[in-house]
Ligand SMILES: NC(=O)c1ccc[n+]([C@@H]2O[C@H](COP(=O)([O-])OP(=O)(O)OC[C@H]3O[C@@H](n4cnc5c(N)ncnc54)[C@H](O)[C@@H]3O)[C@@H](O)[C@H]2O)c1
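First, one chain by itself: the form predicted on its own, in structure tokens.
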Amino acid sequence: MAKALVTGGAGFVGSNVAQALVKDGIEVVVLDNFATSHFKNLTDIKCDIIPEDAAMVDWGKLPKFDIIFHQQAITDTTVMDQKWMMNQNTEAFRGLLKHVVKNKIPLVYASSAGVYGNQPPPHREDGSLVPENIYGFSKLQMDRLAQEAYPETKTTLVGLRYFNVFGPHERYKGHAASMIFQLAEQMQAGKRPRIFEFGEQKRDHIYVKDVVTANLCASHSNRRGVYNVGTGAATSFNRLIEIINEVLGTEYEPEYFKNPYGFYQNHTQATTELAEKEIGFKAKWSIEDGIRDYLTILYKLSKSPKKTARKI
């Protein structure tokens, strides 16, 4: 039986990847420091757990793995502690990268669309990389380290630039959870959804089930490269509220407030051709179908909720 390590495996994306691997008959070991993750994401997943931090672990003392999926990171873009961010994201990756290159272990790691900053969309892998915050910069440095290692390895070394991921298991991310989760929680609680003025900011929102597929595609690709993981379509926050209203059977109007962040990405949108061509990944879930599936799981909705016309 193949054996896989998932770092950050108790977190949002990591637990979804771990779950898919177990379903595929792969022995899974989760490495997680449980700083921003939660054991409840793993209660239905049969796996071993190493309660360690990827930035501190001695990779040479771990068991041998057939592949590693590196998902552990600080993903909160409002964190301003530059040293902590670089240590947890970039330096943790540096140590892991040395280990996998030396031992010829395939590696798939989470990068981010944050590397593009506010460059004009759509965002191409070979386009301008001007991150707006230390989070985006830490991910850019990870991509650069990986690129330096390409000539040293003959096995899979793939970075996946996630755009705006949403879906099951993100509840424990707190305020770093997706806008879709945060808006739905407000509306489900009977409150008007709050968004930055005036709701026309756009994001390439991708369902976590597609992100899992991207990881699996990358793991079988035998490629060295970095690829966008998005849908190729951007959706405004105003439109998100419309879709959530449709799913929940509500009619809430948005409440606008000023954006306090000077490093905010106003429009993200992936190009998807390279990922489709080189690792065989193309998103299957539309924003409408993804939100409906997600909220049905999250709130145990019926497939066709009745209109309750809760309006404010």
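Numbering starts at 1 and runs along the sequence shown. Note that the structure is a prediction, hence the values are computed from the model and not measured.
Note that the form predicted in complex with the named molecule isn't included here; everything after this is about it.
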property	result
Candidate from 108, 214, 96, 73 lying within 4.5 Å of the named molecule in the predicted complex - any heavy atom	73
Proximity to the named molecule in the predicted complex, single hit among 124, 173, 144, 220 (heavy atom within 4.5 Å)	173
Answer range among 60 to 68, 275 to 283, 34 to 42, 241 to 249 for contact with the named molecule, defined in the predicted complex as heavy atoms within 4.5 Å	34 to 42
4.5 Å heavy atom contact, residue 47 to the named molecule in the predicted complex	no
In the predicted complex, residue 227 touching the named molecule (heavy atom, 4.5 Å)	no
Residue 26: touches the named molecule in the predicted complex, heavy atom cutoff 4.5 angstroms	no
The named molecule contact in the predicted complex: residue 182, any heavy atom under 4.5 Å	no
Residues in 145 to 184 with any heavy atom within 4.5 Å of the named molecule in the predicted complex	162, 163, 164, 165, 173
